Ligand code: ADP
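Here's a solo chain for you in structure tokens, the form predicted alone.
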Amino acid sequence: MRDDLERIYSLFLADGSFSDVTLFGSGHIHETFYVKTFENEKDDYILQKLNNKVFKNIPELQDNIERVTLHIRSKLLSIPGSDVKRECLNLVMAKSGKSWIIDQEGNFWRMFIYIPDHRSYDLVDSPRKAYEGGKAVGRFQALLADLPGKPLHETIPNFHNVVKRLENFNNSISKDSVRRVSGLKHEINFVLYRASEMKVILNLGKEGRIPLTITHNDTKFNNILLDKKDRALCIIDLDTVMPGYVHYDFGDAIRTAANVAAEDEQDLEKVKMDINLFKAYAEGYLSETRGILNETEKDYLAFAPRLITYIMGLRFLTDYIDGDVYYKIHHKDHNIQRARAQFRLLESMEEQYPVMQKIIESLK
């Protein structure tokens, strides 16, 4: 395996001699490796074998990432004191001139410059970290607000489209392929009761009141890199960067950053949104985006975490009804446990929603 990885590494325009390689990170989509170079003064690298079953069109995915990273890099170069190797992902081009290669087995690979001395967190334990996370996501959106050219490719169609998610959910209930529906009356009613309200962001977009823009679409907190002093560096995992509404990024970040429990917490009494973390994240986010968002976008920021938490609970519940065909599970009830935790988090947000709205109003 080491020899194969060294051969693949040699196909990229890396500035350093291959020394060692180890598995890296905890991602479930791609296979990721950390490549150490011999020379201390040279960069190390992240080498990834891409999953072209989840992402059907790797050239389009890579085109998105090339355009986004080059634009962010060009913007950073004009900001005094910026460090483009740490505040932005940097693709390493292949010797072929493309940003990916295909190996002899037909697998796609890409490579990034490794960002040293960073930190990432699954759970957020302080308002300061939440603030820096909000700042990172806001800055990402602000830097890309003027990306020229055609729209980005949709790497996973309808990823946050709640109407499509509800259609899939209703189809799964009708099929009831593994006979689980009869035991899910409470959860199904929970989803259906909120279904109409959850279409508000899509409806605002259709009415032209909020614009489609460039969003990350997977802003869980461990995709945000902080430095050793817990200051914002950059956002990683750009596979889902595509057209979307700013609420998708704000909502998903709050869903993960302001939840005091794990995403799949079994004890629902422990699940709640920390309003102080919400406020700190919103402060950081709006410090970077206040000037690029219109009033309607700002008005609905408080609603965004409710929408994305609803969608995630809906996706977990749908997968449970389907027989656990999408998400990796650790036991037979894992997906329904996840769904219930998300729905309890949503209830916590609903209980605090008036306060969330007041916080946004005071910051915007």
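This one's a predicted model, so the numbers in the text were calculated from it and none came from an experiment. One rule holds for the numbers: they count along the sequence shown, beginning at 1.
The discussion below concerns the form predicted together with this ligand, not included here.
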item: Per-stretch contact check against this ligand in the predicted complex, the hit in 179-187, 128-136, 215-223, 141-149 (non-hydrogen atom, 4.5 angstroms); value: 215-223
item: Residue among Met93, Ile113, Leu268, Ile102 with a heavy atom within 4.5 Å of this ligand in the predicted complex; value: Ile113
item: Option touching this ligand, based on a heavy atom within 4.5 Å in the predicted complex, out of Lys36, Arg67, His30, Lys42; value: His30
item: Contact at Ile46, Leu89 and Ser120 by this ligand in the predicted complex, all three, heavy atom at most 4.5 Å; value: yes
item: Partner contact for Asp274 in the predicted complex: this ligand, 4.5 angstroms, heavy atom; value: no
item: Proximity of Ile210 to this ligand in the predicted complex, heavy atoms at 4.5 Å; value: no
item: Proximity of Gly16 to this ligand in the predicted complex, heavy atoms at 4.5 Å; value: no
item: This ligand contact at Ile236 in the predicted complex, heavy atom, 4.5 Å; value: yes
